[in-house]
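Coming up is one lone chain in structure tokens, specifically the form predicted alone.
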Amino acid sequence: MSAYKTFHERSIKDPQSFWAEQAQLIEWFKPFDQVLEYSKPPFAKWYVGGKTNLCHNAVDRHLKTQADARALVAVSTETDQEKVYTFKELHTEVNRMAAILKDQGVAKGDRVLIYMPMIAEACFAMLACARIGAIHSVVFGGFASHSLASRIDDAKPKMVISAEAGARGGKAVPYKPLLDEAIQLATHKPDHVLIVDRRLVEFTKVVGRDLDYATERAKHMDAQVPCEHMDATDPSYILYTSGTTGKPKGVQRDTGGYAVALAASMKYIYGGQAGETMFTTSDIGWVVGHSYIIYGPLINGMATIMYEGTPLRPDAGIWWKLVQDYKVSVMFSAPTAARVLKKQDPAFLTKYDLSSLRSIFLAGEPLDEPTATWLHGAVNKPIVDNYWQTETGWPMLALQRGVEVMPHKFGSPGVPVYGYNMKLLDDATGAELGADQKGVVAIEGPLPPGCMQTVWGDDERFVKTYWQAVPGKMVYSTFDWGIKDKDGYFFILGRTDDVINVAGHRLGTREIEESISSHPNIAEVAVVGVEDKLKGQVAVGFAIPKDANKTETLEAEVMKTVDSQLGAVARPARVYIVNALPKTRSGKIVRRSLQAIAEGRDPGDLSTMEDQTVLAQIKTIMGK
């Protein structure tokens, strides 16, 4: 591991020259004056004085050398549509979308909220915002009106771009009624809503507010909108992530540092080449979709596949068919998806030519050994785990094959990535721990380029939530427990806070608890993350009713409440109606004991618990 160690060490000891070198991977309108400005920890400013643009780097700069090469492949097995856009055609569509935004008064620094399914227009919208310097905030289409409203109020978008519906499993999923309700619930009212009408469902247009995308696009067929020269430190987007409190945090990303970080990661981690194709099976509503469906591959001159559909429709071979048809060289998915495919007929894997595929990368949740072993055996390609967060925007732990081919260890996402000064800290004292000791996975500041700048509109929350001062330095907490072995490989053990990981989606248990509590017949509730063979974790609720005589349909009613407020993505696997919750003598709910019972484990030391018979009652209700 000598090449890796030298490379990583240089990135930590001499970040100025290391990141100046990586900055050559993108194009600049104006060179930067200073690589890193860190006079006010923990706020790091990268490439100060430099001017660039994400859209220019993702689209325009490739027109010189590969205008007619594939850029975007939009595939929907829900609507049986498949369309390929070259870089030239993508450039044309992004200019049209940018012209629509400008026509409606959207300018540099304005926010645009994007609430869309996995269709080409969503890509055009993100790139158009980047082009004109507007800050996009993409909200996952699985979120319901309550969650959407809180994001509208926080980001205060001038405009919303949406579609009347998405599609899942052969059924239309209406977006427009949820969006209308969210705008009604929100205090902030966007000026306009641009709707891509897919002709999937009927919908009501709000006169004076709603605009039809096809009509507006027709007005700007020959649009030429220049790329805004953005300061490297200007915000590029806001992406909301669940926190330990009900209010989601708006992760704010910069422009220059993010472009450099993604370009470098494509070279050193994912190993993609210009002219090749990358297939990332995520959604643009999540950070993986931002970094490795839209920006990363396109900045690298690769074609990217945007896929609307499930891994099983029309059959379990659809992903492998896309790999064959588009000669995919780099694939990125999640362990949950692999576990779903593992249950299908193995013939689907031998049916297609996967010779173009070099590696499959998995992230979003811990990768278990049986799944990794099965997938490696099934496709006969390296299966590469990597670990990161919405906050970091690109991997913290990975095997960096572009630096050195390192041995894989099952259960570990790898070693610290260049730029990340990773530590394992004692959660009580903040002292650094050695090999084989369990601690909190942390990063010594400054965070490298591409990581979050701050929490949108709340610098104080950024510092308070993520950072702690240890002697002589500021340290960022990932809120994950981990262990490091003698070779420097990290193993992630789970969260230290109240965030759970359901099929790669981060959900705050407090947010779900607040939603369940809003049901008129719920007095008190606790939600915990419970281990699940398919999804990694699922949410399980324990609720005390106000009226114990009216509980026959209460679980179903509570599920509907969560669906309507947060969306099906946050729906618990079960909500058990109980008489009491386990509490300490000071009144704190002992959630770890609920989790242990739900997972069939010994709840451990219960000496601080006020009434130990409560757990026995809950066990009976659960049929344990």
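Note that residue numbering follows the sequence shown and begins at 1. What you see is a predicted model; the values in this text were computed from it and never measured.
What comes next is about the form predicted together with a small molecule, which is not displayed.
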| item | value |
| --- | --- |
| Option touching the small molecule, based on a heavy atom within 4.5 Å in the model of the complex, out of I238, L72, V106, V288 | V288 |
| Of Q468, Q389, T281, S76, the one that lies within 4.5 Å of the small molecule in the model of the complex (heavy atoms) | Q389 |
| Stretch in contact in the model of the complex with the small molecule, which is absent here, among 226 to 234, 85 to 93, 519 to 527, 381 to 389 (heavy atoms within 4.5 Å) | 381 to 389 |
| Partner proximity in the model of the complex: I360 to the small molecule, non-hydrogen atom cutoff 4.5 Å | no |
| Distance check, D480 to the small molecule in the model of the complex, heavy atom within 4.5 Å | yes |
| Contact label in the model of the complex: E365 to the small molecule, heavy atom within 4.5 Å | yes |
| In the model of the complex, N501 touching the small molecule (heavy atom, 4.5 Å) | yes |
